[in-house]
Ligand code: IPE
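We begin with a single chain expressed as structure tokens, specifically the form predicted on its own.
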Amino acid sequence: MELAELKTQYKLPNHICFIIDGNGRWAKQHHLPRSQGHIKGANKLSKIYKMVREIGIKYVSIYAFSTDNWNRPKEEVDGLMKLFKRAVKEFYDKKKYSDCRIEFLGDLSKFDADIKQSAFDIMEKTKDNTAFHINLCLNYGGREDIVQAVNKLIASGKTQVTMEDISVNLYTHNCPDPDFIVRTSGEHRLSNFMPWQSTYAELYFPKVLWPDFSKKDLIEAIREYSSRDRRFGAIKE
């Protein structure tokens, strides 16, 4: 099946998220250092953006680096920082992203100045684009996101807040809540990813490791999403 055919044959999510898990295990299976797994996983991203867009999905979010990932060995974290620099540069250089809105969600203050500045420049440069929306979640934590939103509201003088107040102050305020969250590698948890926004999201946990996630796996994921009965608390008669 071609990806474009999914538009007419299946119900599609408006916003799909990927928790890209399994890079280290992929490297171990192939008797390679963990850094090679992360490189392989990073190379997968542009292919996923292309496939998701071809299907007709408008928003894609990638959980690439959590606030807890700083606890990994320094050598691994340093390697990831190099990959983030490369990813940011790719958004600058590739014409294929010229009509995309690109946002970096998370606390960017802990990154090197060049990563931060490039990320802010890209977000400013692409803020008016509407064809496709990419969120790359870096130093992102869902609980931390809620805390920073509440602190914004306190600083603005709020003494009581609504759910809408919190939603519009989250990092994700420029996109709808996720409809479908895919975590590769078979782990059955969200690991602090969008706890507020994912309240009604459909969850899917394929066993495939992220570097091996393919067109076939994406089609199977969309088929699974399309089979779900989303009621949002209501009863369908």
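Source: prediction; values computed, not measured. So that there is no doubt, residue numbering starts at 1 and follows the sequence shown.
There is also a form predicted together with this ligand; it is not shown, and the following applies to it.
Comment: this ligand is not present in this chain, but in the predicted bound form one of 223, 228, 25, 215 has a heavy atom within 4.5 Å of it, namely 25. In terms of contact with this ligand in the predicted bound form, the residue from 207, 189, 30, 47 that brings a heavy atom within 4.5 Å is 189. Look at 109-117, 151-159, 76-84, 127-135: in the predicted bound form, residues with non-hydrogen atoms within 4.5 angstroms of this ligand sit in 76-84. Shown alone here, residue 34 lies within 4.5 Å of this ligand in the predicted bound form, counting heavy atoms only. Residue contact check for residue 194: none of its heavy atoms lie within 4.5 Å of this ligand in the predicted bound form. Using a 4.5 Å cutoff between non-hydrogen atoms, residue 174 does not count as a contact of this ligand in the predicted bound form.
In the predicted bound form, none of the heavy atoms of residue 61 sits within 4.5 Å of a heavy atom of this ligand. Residues 19, 20, 21, 22, 23 are the members of 2-23 with a non-hydrogen atom no more than 4.5 angstroms from this ligand in the predicted bound form.
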